[in-house]
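We begin with a single chain expressed as C-alpha cells, specifically the form predicted on its own.
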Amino acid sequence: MKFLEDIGGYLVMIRHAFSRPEKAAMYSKETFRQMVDIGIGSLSIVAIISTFMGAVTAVQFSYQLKSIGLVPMWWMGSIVRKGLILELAPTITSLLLAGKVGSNIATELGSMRISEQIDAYEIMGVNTRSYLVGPKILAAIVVIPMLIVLAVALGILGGWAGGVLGHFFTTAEYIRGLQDNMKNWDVIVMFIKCLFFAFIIASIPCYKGYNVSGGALEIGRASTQAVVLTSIMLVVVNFFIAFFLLGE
C-alpha cells in the first residue's frame, strides 16, 4: 500500500508542478536560479569525470585490441565516440548528478518542510508544488542535456589524449575513427536518454524532500532514499530505452 501511495503522490505532485503559475516572473527567476545551481555547480565535477572516463576507455580498449594484433587502431575513435554517446556520458553523468543534484534538492525541500517554510508559502496562497518543484524539473531538463553533451566532447578529447600519450594510436587514426560510420540516430537516442534522465534526477528527489516529516534525521534519510531510488530508476529506464530504440 505504501508503494501505491508513493506512486499516486508522485503523480499528483507532477500534475501540480506544471500547473499554471500565479506570477510568471517569479517562476522564471526561480528557474534560472536552479539552472545556475545545477549547471554551474556541477560543471567542474562533470568535466573532470568525463575527461578521464574517455581517457581510460581509450587506454583499456587500445590495450586489448593491440594485444589481438589483427584490429586496426583507428577503430578506437569509433569505439570511444559510440561508447560515450550511447552509454558512458549519459548514464555515468546522470548517476553522478543523481548523487550531487538529487541529494541537494531533497535536502533543500526537506529543510523547507521541517522549518515550515513550505507551510508559510501555502498560507500566502502560493502553489508550492508548482513554485518549488516545477522550476527544478524544468531547469534540469534544460541544463542536464547540456552537461551530457559537454561530457561527450570532453570524453572524446580525453580519449585522444590518453591514446596518443600512451602511443596506442596517432591523432590521424583517432580522427578517422571518430568520423567512421557516424549515425545521427545515436545522437537522437542520447538526447532521448538525457530528457528522461533529467526528469528522473529532479522529480524523485523533489517528491522525497517535499514529503519529509519529522526532524533532521528524516531529512538525511529522505536524501539517501532519493539518491538510491533515482539511481535505480536511471539504470532501469536506460535499459528500456536501449532495448526499444537500439534493438533490431
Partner chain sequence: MIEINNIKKSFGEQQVLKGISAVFKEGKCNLIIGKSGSGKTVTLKTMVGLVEPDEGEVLYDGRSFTKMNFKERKLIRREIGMLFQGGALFDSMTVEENIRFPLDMFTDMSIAEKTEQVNICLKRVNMVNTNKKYPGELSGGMKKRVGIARAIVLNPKYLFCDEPNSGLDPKTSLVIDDLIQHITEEYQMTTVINTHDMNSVMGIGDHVVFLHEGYKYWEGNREEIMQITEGELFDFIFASDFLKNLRRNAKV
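Positions refer to the first chain, counted from 1. Everything quoted here is computed from the prediction, not taken from an experiment.
Just so you know, the form predicted together with its partner chain exists too; it's not on screen, but the next bit is about it.
*Asks:* Among 166 to 174, 114 to 122, 151 to 159, 82 to 90, which stretch has residues whose heavy atoms lie within 4.5 Å of its partner chain in the predicted complex?
*Replies:* Contact-bearing stretch, as computed: 114 to 122.
*Asks:* So, Y27, V126 and Y131: all three within 4.5 Å of its partner chain in the predicted complex by heavy atoms, or not?
*Replies:* Yes, each of Y27, V126 and Y131 comes within 4.5 Å of its partner chain in the predicted complex.
*Asks:* Taking any heavy atom pair closer than or equal to 4.5 Å as contact, tell me whether R33 reaches its partner chain in the predicted complex.
*Replies:* R33: contacts its partner chain in the predicted complex.
*Asks:* Given that the partner is absent here, does R15 sit within 4.5 Å of its partner chain in the predicted complex, heavy atoms only?
*Replies:* Outside the cut-off, so no.
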